[in-house]
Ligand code: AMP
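First comes one chain, alone, set out as structure tokens in the form predicted alone.
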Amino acid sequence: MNFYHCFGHAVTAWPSRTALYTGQRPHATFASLDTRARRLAAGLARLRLARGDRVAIMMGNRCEYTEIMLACWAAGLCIVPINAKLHPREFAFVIENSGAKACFTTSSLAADLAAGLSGSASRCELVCCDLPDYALLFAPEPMAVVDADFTDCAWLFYTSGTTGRPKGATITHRNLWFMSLGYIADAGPIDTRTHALMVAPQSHAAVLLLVAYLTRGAACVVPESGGFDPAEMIPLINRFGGARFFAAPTMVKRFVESPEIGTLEVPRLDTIVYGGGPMYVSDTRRALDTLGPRLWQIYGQGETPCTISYLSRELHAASDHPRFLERLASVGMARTGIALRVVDEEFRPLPPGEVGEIIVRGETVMRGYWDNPQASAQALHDGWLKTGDLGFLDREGLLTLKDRSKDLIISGGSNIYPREVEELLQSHPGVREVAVIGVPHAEWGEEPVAYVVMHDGHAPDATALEQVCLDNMARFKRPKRYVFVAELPKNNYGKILKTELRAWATQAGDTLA
């Protein structure tokens, strides 16, 4: 069954309701969005595209993203989302590796795309959705939705490539169906009063969750700027009500700390769905104090999109529970339809409290990596996805992440989990952000180094941070050096790039002896 039909239900139920807004301006009703998507699907034949072909989308947030995505699914095509801020070599690799025959973009990005693909063997036609050629694709009559197979690839998501070349996670129509149904089941009431703000990049999780919203008759609101700006978002929240948005933890922090937060009509904000990185307990508590119980945490990966575990609004709100802080530090319980385990190196389940690799199984787990059987075999084991994340389950069944396995620091044979150190340093009132990495050490193998961003008005003070660590954790875990920086390197989704921090350390000759 084609994932498009998930949206098609809403077309039948609420044809005249507005489905898409640009800012406060209506862009399309459910009926007109369906018509435009199926017209565009028919027009894609002009680009010599056939069922199963890959189509890249590389653009910032805009309403056209949604209609292009729906059109591709209606035509039985596979979407390849590309981060609009990638380097030309990076997006050229994605297009070549996926074999994408067309790429939808905007005129502001077209020159970089063309330059990146120059000299490439890939024959990829570029279409700018803000130029007249795009409108010509809507000339044909709307086509019937292709009856795709459940196992057909619908979404080819390329990993960030932090450990080498990016790999394309093959996400099928079946995966997306169960992702949407699971989100509707777990995320609380979603209905025609809901308005989903697209403020995180549509090349990632935000746009996949959008289909779940549309399925229930909710509307999508794309800010005029296409990005995350509290000064722009808060008037939209106050205008529409029932507002939800997906955000990385750094975005939640920026939202809560924004000068405009005092103008927010808090009851008009329904939920902030956050994920994509660790949310430190101190930041979570501040957000709860400011916004009330309106947080919903999601833990997932591109290989099982948006769907591993969740920390519900109810658990965020249960401040009278004796383990409230431990719960806030977790990523919650397994999502509906998902089995998860924590296992040792022999794939044996570990008892509560013991740290091991997190593995998951369910209908949202990818088919495998695109054209990469070796990587697929390494990631998938008897139907289980090996996440590469380390963590433990407690006796309540709540999962707590420790770190990515590649971020684990082993010093003198002892394991140091950077997130544990970061969480502690984050409790210092002067610390705005912190990231801990391991650097080579001649005797101990590795030692931790902390990169710290201080709040305005707070001077760097390594002695004070050292004392926080000495007062609260074993000496061997404490950073051996503090590097104070103006900003931490982040990707387009707000994740801190520890690979770049390691590069900084290498360039500085950062080897502790």
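The first residue of the shown sequence is 1; numbering continues from there. Keep in mind that this is a model prediction, so the values were computed, not measured.
What comes next is about the form predicted in complex with the named molecule, which does not appear here.
Stretch 270 to 278 is the contacting one of 373 to 381, 287 to 295, 98 to 106, 270 to 278, since its residues have non-hydrogen atoms within 4.5 Å of the named molecule in the predicted bound form.
Contact here is defined as any heavy atom lying within 4.5 Å of the named molecule in the predicted bound form, and by that definition not a single one of Ile57, Lys85 and Arg165 is a contact residue. In the predicted bound form, the named molecule lies within 4.5 Å of some heavy atom of Gly300. By the criterion of a heavy atom within 4.5 Å, Glu422 is excluded from the residues contacting the named molecule in the predicted bound form. The closest heavy atom approach of His441 to the named molecule in the predicted bound form falls outside 4.5 Å. Among residues of the shown chain, Leu401 is one whose heavy atoms approach the named molecule to within 4.5 Å in the predicted bound form. When you look in the predicted bound form, the only residue of Leu77, Val342, Val331, Met198 with a non-hydrogen atom within 4.5 Å of the named molecule is Val331.
Between the named molecule and the residues His204, Arg361, His428, Arg313, the one pair within 4.5 Å by heavy atoms in the predicted bound form involves His204.
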